[in-house]
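Just the one chain here, the form predicted on its own, laid out as structure tokens.
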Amino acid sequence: MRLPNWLSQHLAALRALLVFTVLLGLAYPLAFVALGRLPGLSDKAGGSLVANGSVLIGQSFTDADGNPVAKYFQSRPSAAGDGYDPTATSASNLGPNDVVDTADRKSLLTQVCARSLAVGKLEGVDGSRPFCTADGVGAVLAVFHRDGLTGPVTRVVSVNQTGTPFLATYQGVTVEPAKNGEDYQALGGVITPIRGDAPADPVVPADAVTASASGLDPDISPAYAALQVPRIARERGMTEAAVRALVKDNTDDRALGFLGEPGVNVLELNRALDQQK
């Protein structure tokens, strides 16, 4: 007996659904679960958990008030929630043009400037950076011209400072402090970052002042680790050579020898420090 055409089509669709459910809903996931149990993969598949957390997810080494614990290497900043929150992993979406503070948020430039000063103070080095003021905000002016974008300068405002401006004058015009709530760009000011006299190659590395794309990066650069070595050696009563040896032991090279950059896993490095007698 020949089935009606519409019924044959429905039965064929049902058979395809059952086949693909078994293949993709059961066999495929179970195959990857089995693959994750293979030696060398089981640790990563399980999250690489240790007593202090996961070596795949960064964490902060700070006290209850958020201050760095001096005897530990410090991680890079995080933009994931309140910091290294796996449920809030995301980029901050702040780019190089984000240089003007608002009433409810500091610009990326000011965040970088403040972090650089803080790291410099912690490590006892020069924390200055180009386009940053001495008090740790973005060195940015709103410059007003007589003819809009051209002509003589008629007014200048330091948009990120409500106190004493970082410059007294600009092109012969006295620099004013900003007023809260004013949008100087909307008023016609040309946003003008001022480089200043900071070194072109800052002492504080870039990864010490910027968050990773996910906000969960557990690694820091060898340069940032090297910057922290004197403090760690001093706080723990170790030689700098011994601390540098631990840094080297916990440094991962480029993937396949040429992809990416070397990285130092901060959690593993701090665990190695705590295991020293």
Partner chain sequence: MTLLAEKPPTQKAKPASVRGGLLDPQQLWRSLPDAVRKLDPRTLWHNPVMLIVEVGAVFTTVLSITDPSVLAWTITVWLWLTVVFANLAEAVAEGRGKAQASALRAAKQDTMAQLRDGGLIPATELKQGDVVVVVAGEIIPGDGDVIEGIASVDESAITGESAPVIRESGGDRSAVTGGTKVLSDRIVVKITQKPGESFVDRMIALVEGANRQKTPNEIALNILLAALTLVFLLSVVTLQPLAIFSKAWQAAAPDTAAIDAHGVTGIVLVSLIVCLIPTTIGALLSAIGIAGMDRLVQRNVLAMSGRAVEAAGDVNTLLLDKTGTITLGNRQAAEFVPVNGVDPRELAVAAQLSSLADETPEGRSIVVLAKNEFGLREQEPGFMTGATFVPFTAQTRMSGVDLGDRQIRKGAAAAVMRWAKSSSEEVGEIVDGISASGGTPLVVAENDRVLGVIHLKDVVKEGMRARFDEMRKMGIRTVMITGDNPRTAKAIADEAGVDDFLAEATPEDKLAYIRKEQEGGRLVAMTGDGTNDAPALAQADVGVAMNTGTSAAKEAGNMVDLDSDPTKLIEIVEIGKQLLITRGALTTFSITNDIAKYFAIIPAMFAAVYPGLDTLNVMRLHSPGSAILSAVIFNALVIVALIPLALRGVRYTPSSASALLRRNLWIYGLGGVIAPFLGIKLIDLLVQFIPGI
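Positions refer to the first chain, counted from 1. What you see is a predicted model; the values in this text were computed from it and never measured.
Omitted from view is the form predicted together with its partner chain, to which the following refers.
The closest heavy atom approach of G148 to its partner chain in the predicted complex falls within 4.5 Å. Although the partner is absent here, P177 is not a contact residue: none of its heavy atoms lies within 4.5 angstroms of its partner chain in the predicted complex. Within 4.5 Å of any heavy atom of its partner chain in the predicted complex lies no heavy atom of G124.
Its partner chain in the predicted complex comes within 4.5 Å of no heavy atom belonging to T164.
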